[in-house]
Structure formats: structure tokens, C-alpha cells
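Below sits a lone chain in C-alpha cells, taken as the form predicted on its own.
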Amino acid sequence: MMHAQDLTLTQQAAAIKSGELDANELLTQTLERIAQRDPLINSTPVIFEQRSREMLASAPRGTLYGVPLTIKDMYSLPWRAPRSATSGELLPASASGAYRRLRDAGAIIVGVANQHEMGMGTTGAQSVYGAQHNPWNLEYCAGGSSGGSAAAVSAHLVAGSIGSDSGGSTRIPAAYCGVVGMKVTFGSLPYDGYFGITTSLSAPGVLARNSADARLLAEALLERTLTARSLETLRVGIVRDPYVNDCDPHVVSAFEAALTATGWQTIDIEVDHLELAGASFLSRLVSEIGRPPNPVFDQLSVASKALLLAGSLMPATYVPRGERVRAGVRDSLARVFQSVDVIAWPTTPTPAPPLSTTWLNLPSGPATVDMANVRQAALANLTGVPGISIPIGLHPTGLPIGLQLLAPWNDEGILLDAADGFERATSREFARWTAPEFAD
């Protein structure tokens, strides 16, 4: 008989609602599964056994009633302040906006998801709790900064998790760990109690095993219905240079095969000022993260200290220059979306690298992991549009490859419709993946 943790999120919710699955038993099995498997991947370093049972006892019968989830260490909970994988509390404990949405849907928070320190990295290698490991190969990165969320879902510890995304932090680990990860539109839910509240780039994200699960979780987080539509055709815009051309050849092959499998109409597009988008993103990112005083600065890694200091030293004139670029890119993107439904390119230029390295070899030459990943992801954060990563194949290394889709503002639904269309076109092969390290 299938273990309850191997049911999808939608299956768990439906089974609890029908009475086929007892919510208390599911919670117990979830805590046992985390205790059994997580020492290998380090995805969920803080567990709330008593608090989660209290949540279940008072949970409303919402769409996620009784479903156990984890939540990234950037969100306040009534009983715990967020630490963002550092040694200190960064915000007061409170019922954050994200927590309230999940609680009202009946979800149960069983633990804190590990992450890259301060959310300032795409590998998940740096954390006060220790590095997060990829369930597909424990010597490789789980991604960042929401690596613990992606790894927990991939290893079937929980069926869903809440991450965040300031520069690909939901989509990148989703691609690395072979799960679905969606960043929602900037500002689309309350940001109180969220460590990303001080930035104009960050948005919450959901991680799940398939598009249906991601839809259910996103609906709870956004507090609105994302009605599923069957897409007969989909117009897909592609910017090939550098987002496709400067990727690992096997990643490019998987990307092209995914588009062929769906039969979507592909259109090569141009976004004005795109060559300046990276600089605009970085000018805003470092200026925003360098603003507030940081109570744990002395305990941070050298890399995190360097980013914070860079922000405090950046000339003020860089910000308005970057904002002019940002406005131009947004305007161009709005025009592009009049002729295409979504934009597509690989989520990351390579599969997950080993935890022991910070460099990648791209067709254009060596690049740091963070810069290469952020290049692929930053457009969604700079402009505030929603984005999703879906698993589309395996690299010869045996590691997952992700396809990224971007959609117009507040149209998360079309991303999930497209993801479902791909899953149906490929007989849901990738939506049923289990990381071999944890296959029963």
C-alpha cells in the first residue's frame, strides 16, 4: 500500500476530506518520515511537533485541511521569529501574511525549511543549519535560496512547501530538485512578517510535485481561485541569446524537446534594454539588502558580508539609473505579452553543481553559479511578473533539468495551465518522479 507521504498534495487533501485518511495519522507519519530521511538532506532543521498538533486541533476545514507543509525561514510564525538561516532573530514572531493564508486554508506547518543564508545565494550551501543536499545526488546542491523547501518536496517528506523568490530562489531549487516551483506576482499577498518585505524584488513561492499541487497551494496563498483551462494552443516567446544559447547543450536539448512535445507555437522575441536588466537588478538588490541594520552581521559568512557591504557603499545615483532601465524593461515586456502568452527558456543553464564548487562551465566560458543562475531568473524579479519552473528531463549526470515560463502580471493561472499541458503531453512522466536516493 502507498505510504501517505507518497501521495500528492491534492491526493492528501482529498483523502482527508473523504475520510479515507486520518489527518492526525498523516501528521504523525510526516514527522516520522522527516526524522527518518532528513538527516541525509538537511531540508527541515526545525520541527514543530507540538505546535503542528495544536494547529491541526483548531484547523478550519479549508482546501488544505490537515495537509502538512514546511515554510521557509523567512516568514514569521506566531511562535517563532524568522532567522533566514542565520544565528539570530531578524523579525518579531507574529502571524505573518503567508502564515495566515495557510492557516485559514487548514494547512499544518510542521517545520522550518532550510535555506541559503540571508537568501543571498542560489546553491543552499551556506546556512547556520548546514548545507542542503540534493535528493537526486547527495553530493550536489539542492539550490537556493529555498533549497530546503525543494529538497523536502523532492524527497517526499512533505507534499508542498512555501519558499520565496528574490532572484530565482523558488525556481532555481525547483529545477535542481526536479519539482514544480512557482514565484507569484510581486505584492500579491500581505508581506507583513516576511523578511523580503524591504525589497521591491522578492515574492513568495510555492513548491510541489506537480502542477495540480502547485495550483492548490498557490490558491491558498493568493486567496483566489486559479481556474484550470485546457490550452489548445499556446504562443511561447523565446529570447535565445543568452538564455538558451549560453546553456549546457543537454539542457538546450531537453528544452527544445519539451517545446516539441507540447506542440506549442514558438516565436523568437526581443525585450528592449534586456542587456541592461542584469545591472538594473543588481543595483536594486544590493541597495535594498544593504539598507536595514543587521543584528547578526558579525556571524555571517564572508560572501554575505560582502554583499551587505556592497549595498551600503553603492552610490545613490545607481538606483535611479537602474529604475529607468527597469521601467523600460517593464514597458517592453507589457508589449511583448500582447503577442505571446508566456515566455520560455531553461530555468538554470546547467543542472545542479556539486556542493564543492562555486563555478560552472558555460559555452561563453567560466561563470559563478550565482551569476549564471540569477541571469536566467532575474527578469521575473525585476519586473514583478510570475514565473514557474517545471521538470522536463534528466541530464546525463542523472540530475533534473527545468523549464522556466514567465507570464503577465497576476496570471499565475496560465503558468499552471501550461505546466499541466506539458505534463499531459508527456504522460505525466516527470510529474511522478521520485528521487532515486529515496525510491522505495
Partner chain sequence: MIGTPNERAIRTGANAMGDFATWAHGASQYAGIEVDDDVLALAELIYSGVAQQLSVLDTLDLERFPVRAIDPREGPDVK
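Just so it is clear, the structure is predicted and the values come from calculations on it, not from any experiment. Positions refer to the first chain, counted from 1.
Heads up, the form predicted in complex with its partner chain isn't pictured, but that's what we're talking about next.
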| message | Each of 286, 305 and 384 within 4.5 Å of its partner chain in the predicted bound form, by any heavy atom, yes or no? | response | yes
| field | residue 410 within 4.5 Å of its partner chain in the predicted bound form, heavy atoms | value | yes
| Do residue 327 and its partner chain come within 4.5 Å of each other in the predicted bound form, heavy atoms counted? | yes
| residue 256: touches its partner chain in the predicted bound form, heavy atom cutoff 4.5 angstroms | no
| query | in the predicted bound form, does residue 276 have a heavy atom within 4.5 Å of its partner chain? | reply | yes
| message | Can you tell me which of 165 to 173, 69 to 77, 183 to 191, 242 to 250 lies within 4.5 Å of its partner chain in the predicted bound form, counting heavy atoms only? | response | 183 to 191
| remark: Partner-free chain; cross-checking its partner chain in the predicted bound form, the single residue of 130, 263, 315, 92 with a heavy atom within 4.5 Å is 315
| request: Would you mind checking 331 to 357 for residues with a heavy atom within 4.5 Å of its partner chain in the predicted bound form? | output: 331, 334, 335, 338
